[in-house]
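Presented as structure tokens, the chain that follows is alone, the form predicted alone.
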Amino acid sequence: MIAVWLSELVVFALVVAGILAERPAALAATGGALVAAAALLRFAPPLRTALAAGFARHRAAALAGGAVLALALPLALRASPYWTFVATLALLYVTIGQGLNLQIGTAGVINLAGAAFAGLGGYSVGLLTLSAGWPAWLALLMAPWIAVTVGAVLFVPILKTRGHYLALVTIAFGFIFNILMNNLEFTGGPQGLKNIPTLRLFGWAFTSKPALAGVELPAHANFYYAALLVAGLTTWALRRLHDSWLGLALNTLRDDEIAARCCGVSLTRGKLLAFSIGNLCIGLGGALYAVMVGFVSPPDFDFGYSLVMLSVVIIGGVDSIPGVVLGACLLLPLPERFRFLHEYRLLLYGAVIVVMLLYRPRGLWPAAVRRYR
């Protein structure tokens, strides 16, 4: 157990050092240390086997250690509030990615309009707070259900299409949503919705600076802990759903619809349920983004962000619950870390994706094979 905690602490220290490194030499040194650690695990099978056995044997302790380090991250990043904001975005993409993974990975329902459903959550929060006068916490609870309702209406043409045609339907919906938000007057048009009220819980405004262990943290730490709680609960709930009989039925629908029907699985009910639960998670992530930033506009939810959401699932591992967490935690901070490369940043990002598709086509954390007792 000590070895498990020590390995987690080493990875945490290297990640924090890589994030806070400002000079190229320091960044190169940290990157070299990470590569050396990965090479040590790759070319030292006894060490890799021992660590894998330790994590399997002490799974609860490993999860507890990871939770403690996740709680301590804003404390380690207090010198750079911007990176606390980036970490919060990564957690929002964990929530969104888990919903999208349920749709695409578990049930095989292709959804390339993730940004549109996130935008439904964000715009719903803005309209409910600014126009209807709802408190932010109540609008945050209601907004995901609006995304679910719109998704249920969209499900009618989705049910009648398959494969590439299904993808085209969702792409068309994403563009329709963006055009409507640009042209409707009550949504603010191209200017979007401004001054969305922040969250207030039990009299505590999320714009206030919290303190942890006697150390004052940036205000974004409030949203970080809220996003961490939501991402943790979403991951836990969808993991339980994935391992249940319903997850097995959705996997059957994804692999062979005819065989699933022969086994008594309802195609309409299963896909609608997966699509609705996924949109609930995606809309919740968009609603949290709106109250955190206080502003939403059409460019925040264009088709490019749908591709980023899809990349989180593909890079992490399709139908892999922990893979989505890993994909979001890599895909969001890494482009920000290499922003100083300007035009070469996208080139490196594309090269990483190509290399991964060549050598890790099932993702960085592939989905485990189902086992039965």
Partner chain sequence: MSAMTAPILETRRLTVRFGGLVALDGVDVAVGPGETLGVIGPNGSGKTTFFNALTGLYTPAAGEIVFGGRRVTGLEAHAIARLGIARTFQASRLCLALSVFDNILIGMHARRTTGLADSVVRRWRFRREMGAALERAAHLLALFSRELPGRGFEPVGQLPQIDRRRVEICRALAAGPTLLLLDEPSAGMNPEETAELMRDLQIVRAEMPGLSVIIIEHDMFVIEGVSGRVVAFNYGRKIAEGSFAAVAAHEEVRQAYLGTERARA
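Positions refer to the first chain, counted from 1. Model, not experiment: these values are computed from the prediction.
What follows is about the form predicted in complex with the partner chain, which we do not show.
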| note | Note: the partner chain not shown here; in the model of the complex, the stretch from 69 to 77, 138 to 146, 252 to 260, 89 to 97 having heavy atoms within 4.5 Å of it is 252 to 260
| remark: Heavy atom within 4.5 Å of the partner chain in the model of the complex, from candidates 266, 195, 208, 131, belongs to 266
| query | Though the partner chain is not shown, can you say which of 199, 280, 273, 230 has a heavy atom within 4.5 Å of it in the model of the complex? | reply | 273
| task | Would you check whether the partner chain, in the model of the complex, lies within 4.5 angstroms of a non-hydrogen atom from each of 244, 248 and 369? | result | yes
| field | Heavy atom of residue 152 within 4.5 Å of the partner chain in the model of the complex | value | no
| said: Quick check on residue 236: any heavy atom within 4.5 Å of the partner chain in the model of the complex? | reply: yes
